[in-house]
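Coming up is one lone chain in structure tokens, specifically the form predicted alone.
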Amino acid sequence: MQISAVSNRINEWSGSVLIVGVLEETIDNQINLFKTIIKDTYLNQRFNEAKFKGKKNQKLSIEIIEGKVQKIVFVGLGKAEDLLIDDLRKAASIGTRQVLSFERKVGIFFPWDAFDMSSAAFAVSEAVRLTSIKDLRFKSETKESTQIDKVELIGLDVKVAELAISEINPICEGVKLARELVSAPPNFLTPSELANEAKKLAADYDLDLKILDKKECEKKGMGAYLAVAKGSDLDPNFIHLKYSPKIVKNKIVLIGKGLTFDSGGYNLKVGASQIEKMKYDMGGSASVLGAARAIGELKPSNTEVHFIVAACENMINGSALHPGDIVKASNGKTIEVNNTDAEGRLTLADALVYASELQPNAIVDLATLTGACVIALGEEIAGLWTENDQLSEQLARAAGKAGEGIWRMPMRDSYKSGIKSSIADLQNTGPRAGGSITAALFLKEFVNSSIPWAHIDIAGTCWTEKDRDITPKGATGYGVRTLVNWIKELNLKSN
């Protein structure tokens, strides 16, 4: 897909589909403008019959018999005083969904001057690209349902929009990779296959790669991580990718939970636990590797980025972790396992210790960690836990720019009593109440206290059961754009 800005007037543009954003109070002006362009004297009647008033997310498609344009999709933007850049993103997505496979060239005409043009161009371009992604790898017929060749943003200053648009491909390809990893079934995406994906990234984008096998993890004392992997016939793979610029002013670590399948272990997932969906329990690792894909192409000049995934399966066999077992993490802390289905935090424990030893400026982990977070925040907002106000503000700003919902949650020390064990240093789950908070407090025990750290729970945002904004049903790729935006901001501050 080729995306560009064109300075043409709207009546000079020609192509297959024109997507037009309409403000409520300007609807009469828009009708009069398009009457002159498409020579349609019945346009008022069409708007009235469809009860199209320009309200947010309304849409009206009109086929054109003659003229430079084959179809116009009008999308409501609501009132001008309430207009947000996210409304442009949603409108672009709504319009893109109306594009058919034979409609190759799409024009978008929005009220650009209401925003910083660069930001508006980026948001709209990103929305079109991400809405168009279809994962058809496992279908017998792989013909694309939407094949847009060209997208032109009409009426923009070309020079202003050019730089923003140039970043669309690497970032959206990173999201696409994350979605494909999460969507892949567990018999396809195994721990070793996830490591192979990291190898491809290392080769394609000149990243350093280290993969620790089971014996190397044993030498490092990763007893918590390896305990989870014991129940699977497939060996674990501890993945460490690194992006290194010539000059390093920041060093950060991104960690993604990498359970390529989670049966729950002996605390088997039953009933409404959706065991068949547990291929997406590696959503955190997908986001981190998707970010690696984007960073590898964008190549920020001052920030060294480490991407870490402790990949394995949580399965059941004669060697599997028992409820009640005590395991030791690589920092020496002992953990009583009172629930084998709270395994992600065990793998993250050793990953966080490993990350701390790199002595970075900050650590951020992403994980599909708790159902409690989904109950608290739903499917559109991820939970954020950190005791560092600056890191919280940076991540919230990065997520806001991406249109990815995030909300800072409390880390009350008194809740730590819920994960105390009478026979070990910790137990891996606490009481049902505040379950996402005690999970974050558990992870905190494995981070060097001098390093700013944030935990993002994406259990609700990793997957959607319906077409939602810029995300078709299925894997969302949540987190890639937030992480990339955060790294870009760090890079700017260090210049």
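Not measured: the values here are computed from a predicted model. Numbering starts at 1 and runs along the sequence shown.
Absent from the display: the form predicted in complex with a small molecule. The rest refers to it.
Engineer: Could you confirm whether A459 comes within 4.5 Å of the small molecule in the model of the complex, counting heavy atoms only?
Structural biologist: Although the small molecule is absent here, A459 would touch it in the model of the complex, with heavy atoms inside 4.5 Å.
Engineer: Using heavy atoms and a 4.5 Å limit, would one call S192 a contact residue for the small molecule in the model of the complex?
Structural biologist: Contact check for S192: no, nothing within 4.5 Å of the small molecule in the model of the complex.
Engineer: Within a 4.5 Å heavy atom cut-off, is T368 in contact with the small molecule in the model of the complex?
Structural biologist: Yes, T368 sits close enough to the small molecule in the model of the complex that at least one of its heavy atoms falls within 4.5 Å.
Engineer: Give a yes/no on whether R345 approaches the small molecule to within 4.5 Å in the model of the complex, heavy atoms considered.
Structural biologist: Yes - in the model of the complex, heavy atoms of R345 and the small molecule come within 4.5 Å of each other.
Engineer: Considering the small molecule in the model of the complex, find the one stretch among 377 to 385, 121 to 129, 232 to 240, 335 to 343 with heavy atoms no farther than 4.5 Å from it.
Structural biologist: Of the options, only 335 to 343 has residues within 4.5 Å of the partner.
Engineer: Within 4.5 Å of the small molecule in the model of the complex, heavy atoms considered, which of A372, I85, M117, I168?
Structural biologist: Residue within 4.5 Å of the partner: A372.
Engineer: If the cut-off is 4.5 angstroms on heavy atoms, which of these, Y354, F110, Y280, F307, is the one near the small molecule in the model of the complex?
Structural biologist: Contact check passes for Y280.
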